[in-house]
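The form predicted alone is given below as one chain in structure tokens.
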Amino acid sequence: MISSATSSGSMTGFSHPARLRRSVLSVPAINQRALEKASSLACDAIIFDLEDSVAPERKAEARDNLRRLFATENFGSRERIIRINGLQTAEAHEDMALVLSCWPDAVLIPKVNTPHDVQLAGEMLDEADAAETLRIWAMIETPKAILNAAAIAEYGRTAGARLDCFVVGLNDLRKDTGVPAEPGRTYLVPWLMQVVLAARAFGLDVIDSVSNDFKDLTAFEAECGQGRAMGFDGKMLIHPAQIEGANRQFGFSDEAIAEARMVISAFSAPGASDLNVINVNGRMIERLHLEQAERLMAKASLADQNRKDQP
């Protein structure tokens, strides 16, 4: 039985260290040229894909590619995630063995439908004595996943569950529901917001779905802006041309940074350390704004570090 007991810390709001996930680039593990280029790109995180982008007869070759890549390449501060094949497929155990030999930052589980899928992935890692630092990301890309998003997120807060992040997959969801790929994603927005709400309720990050037309960067940035407004932390990308726009749209403006510094400074003033609400020039600032400001500054610092990591 899956326990409903939560791990230490709050079940609401942010409950894990800030990570920068504005641009999450998916790279097919079978594409040697793309793999070689990945370490030089300005994305925050890279998903090395063994699932949809790799034909069945080339799965073993793709695993060999990643084994060599992880042994030789330095990705700096970028998060490295390996997307394995579905847990019920014949490839899953070999994929997980590769994960354990490469030690990425996280393993991305496709087509998560229920909390049991996250539990099963965690048990596979636990049985191999994988360090707690090897985290789990979950693809939310089926009707069942949307309906169960809150339950999946809640399970992710149980002790040892390892779940850090949701990644929305709209291509599969559109296929399963018949909702067309229209500009503005009008009929998908309620489902997207449901996933964001579930993630936020239980302290997970949440990444918006890919935009398939990587040549139309204007439409892509508009979709990024929509995702940012809905509360997503970043966007899954399919082409390096999308990185700059995602980093900008999910980034931090000078005005936002100045505001965050003002809030932090206000709560650092003498006599303010034990207050929950303070008056700044006729404006009431709550301690929750301090938490938001500190998190924004932490992410802005990570963005600066990413820029310094670029060749």
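Worth saying up front: this structure is predicted, and the values here are computed from it rather than measured. Each residue number is its position in the shown sequence, starting from 1.
Not pictured, yet referred to below: the form predicted in complex with a small molecule.
- For the marked spot (Ala18, Arg80 and Ala106), a heavy atom within 4.5 Å of the small molecule in the model of the complex is absent from each of the three residues.
- The closest non-hydrogen atom of Ala260 lies beyond 4.5 Å of the small molecule in the model of the complex.
- Within this chain, Lys215 lines the site of the small molecule in the model of the complex, having a heavy atom no more than 4.5 Å away.
- Taking the partner from the other structure, the small molecule in the model of the complex has no heavy atom within 4.5 Å of any heavy atom of Gly225.
- A residue is said to contact a partner when one of its heavy atoms sits within 4.5 Å of a partner heavy atom; Pro28 meets this definition for the small molecule in the model of the complex.
- In summary, among the residues Ala121, Val206, Ala153, Met236, the only one with a non-hydrogen atom within 4.5 Å of the small molecule in the model of the complex is Met236.
- When you look in the model of the complex, the only residue of Ile264, Leu275, Ala60, Ala34 with a non-hydrogen atom within 4.5 Å of the small molecule is Ala34.
- Contact with the small molecule in the model of the complex, judged as any non-hydrogen atom within 4.5 angstroms, is confined among 64 to 72, 280 to 288, 46 to 54, 246 to 254 to 46 to 54.
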